[in-house]
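We begin with a single chain expressed as structure tokens, specifically the form predicted alone.
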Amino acid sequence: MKILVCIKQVPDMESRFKPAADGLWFDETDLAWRMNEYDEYAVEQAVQLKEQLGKEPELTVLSIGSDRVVEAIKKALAMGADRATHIQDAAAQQKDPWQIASIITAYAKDKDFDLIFTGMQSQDRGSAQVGVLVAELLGIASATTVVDFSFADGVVSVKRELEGGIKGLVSLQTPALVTCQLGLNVPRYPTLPNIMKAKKKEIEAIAVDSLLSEQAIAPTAQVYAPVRKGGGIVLEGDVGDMVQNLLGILKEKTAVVV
């Protein structure tokens, strides 16, 4: 059995974000980086499946980006992936979801993967499109927003998170792709011995130009910070006085009270 997990390195959400000078993405100067949180659940589920099936599955992790994404790849290897592929692309942030999905498809189309795991969405772009596009391009079944997963006799059984707190049960014949939602499992922390072992695992490097043949169909037009609005007014004192002050403010600044 062959398993592929697609991961992305994203800015830590606690970072201070500001638009880049070209207005097309974030200024990366002061950003900290981590593996996309949704992808951590995908890696964990793939590793759990590998453990369930013994040594049979071959688990590959794939990431697209500049040299810094190797750190996220190494974490996935330390969590339990067998090998990795780094699609080298210093301008990955400029690719739209269609192009990213096309790159992954070009890599995976002749590899005969039985299962592909992705995060439901990335924390920086948040399109939730790449996983389902890959499944469509490969012509395989897919299930999104997965919060429970099991596998037996070549059949994937998942519970999907739907609107209004409703859950949906879906069965998929392999080959298949699933996108993983938060809460699917508890991602493990890599142990020191596994971190050391990960340093010896293979990371294949492939230039993005050898895989990308598609033009963007939904390019980013502009990234910008919202316009700051005026601050609020805090009223203090006796309730009666505050009511009169509020009425005065509403009369002066709005048409609510005349």
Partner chain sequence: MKVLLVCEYREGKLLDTSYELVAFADTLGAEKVAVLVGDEAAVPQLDAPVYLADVALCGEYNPAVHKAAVLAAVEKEQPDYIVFSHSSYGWDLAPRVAVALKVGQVTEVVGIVDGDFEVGCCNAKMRRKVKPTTARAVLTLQAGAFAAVAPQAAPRVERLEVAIDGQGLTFVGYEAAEVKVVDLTKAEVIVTAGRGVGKKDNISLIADLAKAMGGELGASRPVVDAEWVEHSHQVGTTGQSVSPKLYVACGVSGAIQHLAGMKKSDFVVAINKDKDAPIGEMADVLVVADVLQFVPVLTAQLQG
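Residue numbers count along the first chain shown, from 1. Rigid core (definition): largest C-alpha set, two forms, superposition within 1.5 Å. As the structure is a prediction and not an experimental result, all values here were calculated from the model.
There is another form of the same protein, the form predicted together with the partner chain; it is not shown, and what comes next is about it.
Peer 1: Indicate whether G54 is a 4.5 Å heavy atom neighbour of the partner chain in the predicted bound form.
Peer 2: No.
Peer 1: Hey, in the predicted bound form, does E163 get a heavy atom within 4.5 angstroms of the partner chain?
Peer 2: Although the partner chain is absent here, E163 would touch it in the predicted bound form, with heavy atoms inside 4.5 Å.
Peer 1: Does the partner chain get within 4.5 angstroms of any non-hydrogen atom of Q99 in the predicted bound form?
Peer 2: No, Q99 stays farther than 4.5 Å from the partner chain in the predicted bound form.
Peer 1: If you check in the predicted bound form, is E28 within 4.5 Å of the partner chain, heavy atoms only?
Peer 2: Contact with the partner chain, no.
Peer 1: Given the stretches 43 to 51, 228 to 236, 56 to 64, 204 to 212, which is the single one in contact with the partner chain in the predicted bound form, using a heavy atom cutoff of 4.5 Å?
Peer 2: So the stretch in question is 228 to 236.
Peer 1: Out of 146 to 183, which residues reach within 4.5 Å of the partner chain in the predicted bound form, heavy atoms considered?
Peer 2: If the 4.5 Å heavy-atom criterion is applied to the partner chain in the predicted bound form, 146 to 183 yields V147, K159, R160, E161, L162, E163, G164, G165, I166, K167, G168, L169, V170, S171, L172, Q173, Q181, L182, G183.
Peer 1: So with the core overlaid, does the Cα of D22 end up 2 Å or more away between this form and the one not shown?
Peer 2: The answer is no, as the C-alpha of D22 shifts between this form and the one not shown by less than 2 Å after core alignment.
Peer 1: So, superposing on the core, is the move of M13 at the CA at least 2 angstroms between this form and the one not shown?
Peer 2: False for M13: its C-alpha shift is below 2 Å.
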